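This document opens with one chain alone, in structure tokens, the form predicted alone.
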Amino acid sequence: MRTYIRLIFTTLTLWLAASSSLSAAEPRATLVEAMLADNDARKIELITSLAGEVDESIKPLLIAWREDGLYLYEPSGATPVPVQLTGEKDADDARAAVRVDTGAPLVDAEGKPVHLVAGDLNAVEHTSMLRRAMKGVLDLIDIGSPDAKKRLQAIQTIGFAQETDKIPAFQKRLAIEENSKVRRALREAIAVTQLKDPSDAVKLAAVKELKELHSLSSYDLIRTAMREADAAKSTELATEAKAALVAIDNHKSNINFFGTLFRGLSLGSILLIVAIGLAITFGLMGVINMAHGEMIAIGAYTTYLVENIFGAGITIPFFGFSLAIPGMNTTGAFYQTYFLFALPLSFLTAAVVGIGLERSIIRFLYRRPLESLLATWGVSLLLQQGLKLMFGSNNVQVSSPSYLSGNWTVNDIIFGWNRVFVIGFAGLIVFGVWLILTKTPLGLLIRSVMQNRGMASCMGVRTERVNMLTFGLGSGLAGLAGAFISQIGNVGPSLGQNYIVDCFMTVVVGGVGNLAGTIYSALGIGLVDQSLQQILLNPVLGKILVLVAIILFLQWRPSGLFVTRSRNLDD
């Protein structure tokens, strides 16, 4: 039984090897047949049939043929063998010969490699017509590339040149193409090229195809076809072209709507991450922390430092001295993990700075909001100057890891991975903060101290330690936001100032001290801001209208969306 199984397995292996060898040799065999054909018409037919072939050896062989780099080796009494000479010349001025039909070295009767002198051989002939045919094949060779991105780019480039002689190659490739994006590009390229066809029936079919594909890039070509049809009194074609343009316009509207929705959600998520730390320090603790924006900048610069430590290192001026931080010189996949290390370090760095700020200044200013505002504003200016002294006034660039650099395209709507990541991680942060505040002993202590500090102290709660940890938590969340923002824009000393006003607006509109209100407020402001920018096509005017709308809203509801109920007699 084992013998039969082994025999069957061996037979299948040999059959698969033979099939693979045969399929790999087919384009080469066609090329050899073209070289040995008797007339140019047959040669052109064979060369043209190679358009779109997957075999990557065809391109260099055609180039070598055009440049007199292929020769006919004619042993006595045998069929000529096309060969290519490779390698360095030996003492006899000869080089190793490689068979064109197999790509294997040419060997003699004893199986030894044959070395030939170019001057003793006849180069494979070519004419201007053959060279034109070869150029056409070389233009189309990339549509058979194993790399799908390369195929896609080649098809789009060649297709919009609208050369009708390329259609057979596109159709041949479409019959075997399996990648859905490339198949769509092939259908679009064929239809766009067919718009150049003199027949109205072919043009009509092409317009219907482009209408079904909602081809944005062919909009102007369809409009040109419609004008030509109107001029030629071709009513059916003109009507179908108008319908295709309407369908593409509707598709554009859908793309803009969902694109604006996505951008609004991503902006709202960034606002949420930035504001949720302020919602703790300002909303729960009642501290007007004007240095909250600098905590964001500290988190962003921490990410910048971690990226450089994973790379070649960095030297920064440190208050008159030069501080050299060596790098690990990592590459590849390990280097791309720097952002995963930067996230917790950004949180910890900002939390430590926040705890230091609370211990040194804030703890003396509880229940004195105006003094805390002025003090933290001064700290904000000091931190900005400190960052300028350490990293310079110019912005620095943080490169995104490869897994956050691409995008996901669905029905022509582009979803950037970095913004998708921000939306998802914002949800995780909100869930984590909710868990800490409602399901942990620390959360219970935080809520008790925030609701009635005096009563909590009488019950034995160490309020000073709770205040310190709460302020550190809020500052750490701001640092985490800085790490996210570094993936979307540049990092500079005044980075936090771009967000501090939006932060306070988000917390106030949502309802001071209410985390759920902060979530709704951040997402709402983000959506309205992006929608107004899309409608007005003016970001500055959109920002002004959002600010006016918030002022009017606070006139109507001074306590924000959600009013926080408290048992504190001071409230």
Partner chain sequence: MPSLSTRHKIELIAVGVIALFFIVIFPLLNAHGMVSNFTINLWGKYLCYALLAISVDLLWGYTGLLSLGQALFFSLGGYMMGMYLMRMIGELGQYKKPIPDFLVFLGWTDLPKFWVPFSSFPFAAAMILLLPGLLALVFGFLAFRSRVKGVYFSILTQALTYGASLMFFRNDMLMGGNNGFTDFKFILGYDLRDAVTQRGLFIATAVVLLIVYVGLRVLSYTKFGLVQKAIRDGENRVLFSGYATAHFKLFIFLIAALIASIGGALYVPQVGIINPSEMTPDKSLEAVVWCAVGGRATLIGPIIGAIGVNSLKSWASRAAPDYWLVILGGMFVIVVLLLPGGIVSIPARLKALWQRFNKKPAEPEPPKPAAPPQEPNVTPASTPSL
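Numbering follows the first chain given and starts at 1. Fair warning: this is a prediction, and the values are worked out from it, not measured in the lab.
The same protein also exists as the form predicted together with its partner chain; that form is not shown, yet it is the one meant from here on.
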Taking any heavy atom pair closer than or equal to 4.5 Å as contact, tell me whether residue 174 reaches its partner chain in the predicted complex.
no
Find out whether any non-hydrogen atom of residue 230 is located within 4.5 angstroms of its partner chain in the predicted complex, and reply yes or no.
no
Would residue 458 show up as a contact with its partner chain in the predicted complex if we use heavy atoms at 4.5 Å?
no
Partner proximity in the predicted complex: residue 304 to its partner chain, non-hydrogen atom cutoff 4.5 Å
no
Report whether all of 367, 501 and 551 sit within 4.5 Å of its partner chain in the predicted complex, measuring from non-hydrogen atoms.
yes
Pick from 323, 414, 444, 389: which residue has any heavy atom within 4.5 angstroms of its partner chain in the predicted complex?
389
Go through 371, 163, 464, 125 and name the one with a heavy atom inside 4.5 Å of its partner chain in the predicted complex.
371
Of 66-74, 534-542, 32-40, 521-529, the segment with heavy atoms within 4.5 Å of its partner chain in the predicted complex is residues 534-542
Which residues within 372-386 place at least one heavy atom within 4.5 Å of its partner chain in the predicted complex?
373, 374, 375, 377, 378, 379, 381, 382, 385
